[in-house]
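What follows is a single chain, given as structure tokens, in the form predicted on its own.
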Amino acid sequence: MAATTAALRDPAPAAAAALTFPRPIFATVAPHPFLQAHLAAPQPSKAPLRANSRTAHEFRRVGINTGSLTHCNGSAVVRLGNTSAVCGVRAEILDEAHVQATADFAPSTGNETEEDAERERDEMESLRLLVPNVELSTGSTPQHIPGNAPSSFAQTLITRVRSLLLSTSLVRLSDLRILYAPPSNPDGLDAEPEPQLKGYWVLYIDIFYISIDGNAFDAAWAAILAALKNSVIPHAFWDEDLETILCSDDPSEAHSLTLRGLPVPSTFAVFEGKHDWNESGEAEEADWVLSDPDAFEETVCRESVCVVVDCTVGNKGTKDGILKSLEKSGGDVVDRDAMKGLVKRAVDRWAEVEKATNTKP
């Protein structure tokens, strides 16, 4: 009886509860171990999942809606997961009288060569016929509050967009030239009069972000592609009596832009995990190349790669992809062999974006 009473008075101490954190707190306090815990978690017969429930090779689905803005020549809204961007294209006339050194204009022969494309790129760059602009201070992220000055990140996006527009020769210069065909040739009665250059269309490409959850460049470029394909340019002509450029009000005379191909970028981020040592003393691989990184993954990844491919010129679809651009910064994990795998992922991604841009809303 005494032993029973003593047992009731002095109960055995309970085991201490394990210290646990909710997922958001764990991700904030220790972001690197948090992501590695997801990627290194053993899952039999399944690929490891990231914190956003995607595999390392999985991209977010692209959603595109065109013609959303009625006051633009072309517009598109693109959603890439929780990253949303709006692109509007405005066309304004640049009179030839306000342009220097336009006397060397040569009409297109119809057979494009590499020299012709290079000449067009130089002319479009010197005249600033493509003017991209990126606006982040829309409340898209806590770091970009409305009213703030343009950040270095916004300026970097503008530079990358403009560089890719020019290097891929996406917009044809023939769509931007405003020509005038004289009724007769003053140099000869039998010769066909040559067209005269009277001005250009300047395309102002404005990108506004609604929200940013990583991979802002891919979202912006997808919006640009969809907006340019949706753009309609009025018919502009030279009026001899008024000696000025006028635009036709007839919608049937307007023309769409004929783009050169469909270059699509794919961005990857390299997550360098902490290497574990096996029984033989060798370090086990603990690096992952993540497709389409979100905002959280961008903060813990040091190395990034952007691959731009275009598969529209081949007869076999994605098997004939052309590498248009390649950007790599921040580390040396991705070597030559790993880069081949990223190009293959970019080709597969191109097919998804091409399908989304051609789908009518």
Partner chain sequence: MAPEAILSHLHRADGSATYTHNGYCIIGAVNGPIEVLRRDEMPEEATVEVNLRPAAGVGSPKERHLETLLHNTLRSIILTPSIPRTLVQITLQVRSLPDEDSSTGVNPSLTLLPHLLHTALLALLSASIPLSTTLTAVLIALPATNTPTASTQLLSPTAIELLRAKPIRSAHVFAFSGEGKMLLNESDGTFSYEEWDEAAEAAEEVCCREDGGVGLAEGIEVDGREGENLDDWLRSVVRTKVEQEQRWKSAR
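Numbering follows the first chain given and starts at 1. Since the structure is predicted, the reported quantities are computational estimates derived from the model, not experimental observations.
We do not show the form predicted together with its partner chain, though everything after this point is about it.
Contact with its partner chain in the model of the complex holds for all three of 156, 329 and 343, each having a heavy atom within 4.5 Å. Taking the partner from elsewhere, residue 160 is found to have a heavy atom lying within 4.5 Å of its partner chain in the model of the complex. In the model of the complex, its partner chain lies farther than 4.5 Å from every heavy atom of residue 252.
Proximity of residue 56 to its partner chain in the model of the complex falls outside the 4.5 Å heavy atom cutoff. Of the heavy atoms in residue 302, some are within 4.5 Å of its partner chain in the model of the complex. Proximity to its partner chain in the model of the complex, defined as a heavy atom within 4.5 Å, singles out one entry of 47, 30, 323, 40, which is 323. Listed residues 258, 167, 143, 126 were compared with its partner chain in the model of the complex; 167 is the one with a heavy atom within 4.5 Å. Only one of 217-225, 147-155, 130-138, 233-241 lies within 4.5 Å of its partner chain in the model of the complex by heavy atoms, and it is 147-155.
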